[in-house]
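Next up is one chain by itself, shown in structure tokens, the form predicted on its own.
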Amino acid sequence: MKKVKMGIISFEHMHAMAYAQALMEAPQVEFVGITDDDAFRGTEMAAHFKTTYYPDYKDLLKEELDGVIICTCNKLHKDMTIAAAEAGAHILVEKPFATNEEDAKAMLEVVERNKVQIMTAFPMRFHPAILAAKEAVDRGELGEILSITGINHGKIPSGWFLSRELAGGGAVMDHTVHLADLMRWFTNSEYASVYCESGELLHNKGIDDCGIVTVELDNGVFGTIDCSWGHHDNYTIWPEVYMEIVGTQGVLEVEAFKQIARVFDVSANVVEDMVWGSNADDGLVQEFIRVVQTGDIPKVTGMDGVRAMEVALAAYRSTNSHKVEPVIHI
């Protein structure tokens, strides 16, 4: 099978580094180039990954790419998706899928109209611990699922992540969607309602940095998502994804980032936990490569991203109303 031509639109999002590394190492991929509106960042990344820098994303799309990975700020997901779809490229878009229902609708419509696939960047779907838990649930080992407790903690990001206009929200938007997707995937049910309390309580950056999201699904399962940017600067690890799945026949605890090596760095006076072994980002990119090669529906679709986004949007409505809010499906 001939190589597929791939590119990355922007390195604004930190996950672009891992995706670019996966593309560079994939023998079935021709890594055509990188575009970024920050010329310094774009040229630096292009040099690092031994590819070409395009100052204008339109010039990159003229290369007749088979697929693109979009890692802009959240607000630009719609514009970049429209441009890529109209250029005939399959799309992997960083989470959250979009920041509002209108943009999400436009993104789904343009890919359908141009007959390309769009995939949401939910790498946790490809993490070995999560996959093993999903298989156990599907085998019925826990019986009927009653509830799921989820935690997605991390350090507070910087830059555009702290702009409500560019990011669509703070910690609730950033960290709710991963677990909202997993809970929906594990239960095979859609969301019915959300109650959320969130706010700016930790970092004084002018945007929500913590929250507790309580959800109920159509099949009666309820769950909680702690989506806080709760790790302080010298916390030993950035990510934390934890789930406790309670069923009628058992309880399963899932801790996704426990393959770590603790490094004591005397020169920098820091203690850091380095994740090793499980590379969910690589699994995500490999699935996208398969989709580009075959045109098949991805294992994580655009609609999966929309359904998780809808939970975050309902959480913000609930924060404002202090009431249980229905999840509005587009």
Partner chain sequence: MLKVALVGCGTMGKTHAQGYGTIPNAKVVAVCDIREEEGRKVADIFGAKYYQDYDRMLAEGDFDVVDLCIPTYMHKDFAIKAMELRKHVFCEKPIANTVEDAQIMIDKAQEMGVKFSIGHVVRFFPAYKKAIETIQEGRIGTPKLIRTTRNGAYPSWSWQDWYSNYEYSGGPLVDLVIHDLDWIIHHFGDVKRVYAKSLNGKIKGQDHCLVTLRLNNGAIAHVEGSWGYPQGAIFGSTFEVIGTQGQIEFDSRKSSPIQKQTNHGTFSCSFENPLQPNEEPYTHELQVFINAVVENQAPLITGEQAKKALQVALAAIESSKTGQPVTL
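Every value quoted in this text rests on a predicted model; they were computed, and no experiment measured them. Positions refer to the first chain, counted from 1.
If you look for the form predicted in complex with its partner chain, you will not find it shown, but the lines that follow are about it.
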| item | value |
| --- | --- |
| Residue stretch of 111-119, 225-233, 82-90, 96-104 approaching its partner chain in the predicted complex, non-hydrogen atom distance within 4.5 Å | 225-233 |
| The unique member of 206, 140, 159, 250 whose heavy atoms fall within 4.5 Å of its partner chain in the predicted complex | 250 |
| Listed residue (148, 71, 171, 179) with a non-hydrogen atom within 4.5 angstroms of its partner chain in the predicted complex | 148 |
| Contact test in the predicted complex: residue 330 vs its partner chain, heavy atoms, 4.5 Å | no |
| Interface membership of residue 126, its partner chain in the predicted complex, 4.5 Å heavy atom rule | no |
| Close approach of residue 323 to its partner chain in the predicted complex, 4.5 Å, heavy atom | yes |
| Any non-hydrogen atom of residue 201 within 4.5 angstroms of its partner chain in the predicted complex | yes |
| Non-hydrogen atom within 4.5 Å of its partner chain in the predicted complex for each of 153, 197 and 258 | yes |
